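As structure tokens, one chain now follows by itself in the form predicted alone.
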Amino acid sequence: MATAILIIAGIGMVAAVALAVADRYLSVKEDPRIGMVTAELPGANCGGCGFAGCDGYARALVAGTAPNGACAAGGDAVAKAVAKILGVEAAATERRVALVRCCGTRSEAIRVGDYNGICDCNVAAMTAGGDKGCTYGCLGYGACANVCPKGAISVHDGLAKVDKRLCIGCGKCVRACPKHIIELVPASATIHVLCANPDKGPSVRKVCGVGCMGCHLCEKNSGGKEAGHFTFQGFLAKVNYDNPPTDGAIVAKCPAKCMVEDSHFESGH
């Protein structure tokens, strides 16, 4: 018995010495800045930066393989803190938030069927494109809301709404939407066109009471084509977010009522 105990103790001692030697000569020392940068990141692990999580982004930042300022959830404050740790110049960032380019609620946009399947937009879209008359519109089954890490998206009257105050701009909802009508826009923008249908006005109005008709009044009322506040995709008006309009008076002049001010966007109404 004593011999067995001594043998086991000896093996344990040898293993301990081997581990100590390996730790001393074979271990790879981690750059302490990785932990410092990770501590400054918001910990949302949203993937908006292009990495699997905050730790992955921190390692890439320290390695110099990722740009500072890619953390949408952290914004300028995080970019400045990271820049201080890494000894580089702080990157200027602009907060961006998600926008659902549709305002066709159940009371405004017609339904061409009665979908009773799984409550998910991707599944509904695979069923003849969904039950909404407008093939470009929000289906309202919450695929975007289901992936939002901050609960910034809710569905009301068959339409997804984003609360700007909660949105961190991670882009998960953009990737989740089968209709591709969610985009990240500057948080500073105050006027938005909530429609994604580029068809001619008469066709749009057959399926939605608040769809863009391509009348160009928004462009005319904001200084004309030369002002460059709007672009057009087919017959669809789109805000030029590199040069967005700021005159709220043009909103009330939109005959389609698909243009909203930031206050509506923020509150989700």
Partner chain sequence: MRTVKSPFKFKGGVHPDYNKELARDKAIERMPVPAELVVSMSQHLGAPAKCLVKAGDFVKRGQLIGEKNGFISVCVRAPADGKVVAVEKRLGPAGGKADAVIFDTTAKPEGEPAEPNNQTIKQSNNQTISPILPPLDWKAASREELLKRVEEAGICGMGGAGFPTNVKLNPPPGKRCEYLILNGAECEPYLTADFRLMLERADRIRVGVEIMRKILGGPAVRIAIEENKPEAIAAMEKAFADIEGNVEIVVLPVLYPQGSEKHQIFATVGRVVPEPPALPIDVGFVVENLGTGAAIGDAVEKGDPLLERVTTVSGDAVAEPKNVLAPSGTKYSDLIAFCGGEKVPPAKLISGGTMMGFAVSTPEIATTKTTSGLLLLSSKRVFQYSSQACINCGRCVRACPMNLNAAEIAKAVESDDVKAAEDLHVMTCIECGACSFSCPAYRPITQFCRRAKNSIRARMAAEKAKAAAAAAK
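Keep in mind that what you see is a predicted model, and the values were worked out from it rather than measured. Numbering follows the first chain given and starts at 1.
There is another form of the same protein, the form predicted together with its partner chain; it is not shown, and what comes next is about it.
Proximity of residue 127 to its partner chain in the predicted complex: non-hydrogen atoms within 4.5 Å are present. The closest heavy atom approach of residue 135 to its partner chain in the predicted complex falls within 4.5 Å.
Shown alone here, residue 108 lies farther than 4.5 Å from its partner chain in the predicted complex, counting heavy atoms only.
Its partner chain in the predicted complex is approached by residue 123, whose closest heavy atom lies within 4.5 angstroms of it. Figure note: of the listed segments 159-167, 127-135, 76-84, 99-107, the one touching its partner chain in the predicted complex, with heavy atoms no more than 4.5 Å away, is 127-135. The partner is not shown here, but in the predicted complex the stretch 103-128 reaches within 4.5 angstroms of its partner chain through a heavy atom at 112, 114, 115, 116, 117, 118, 120, 123, 126, 127, 128.
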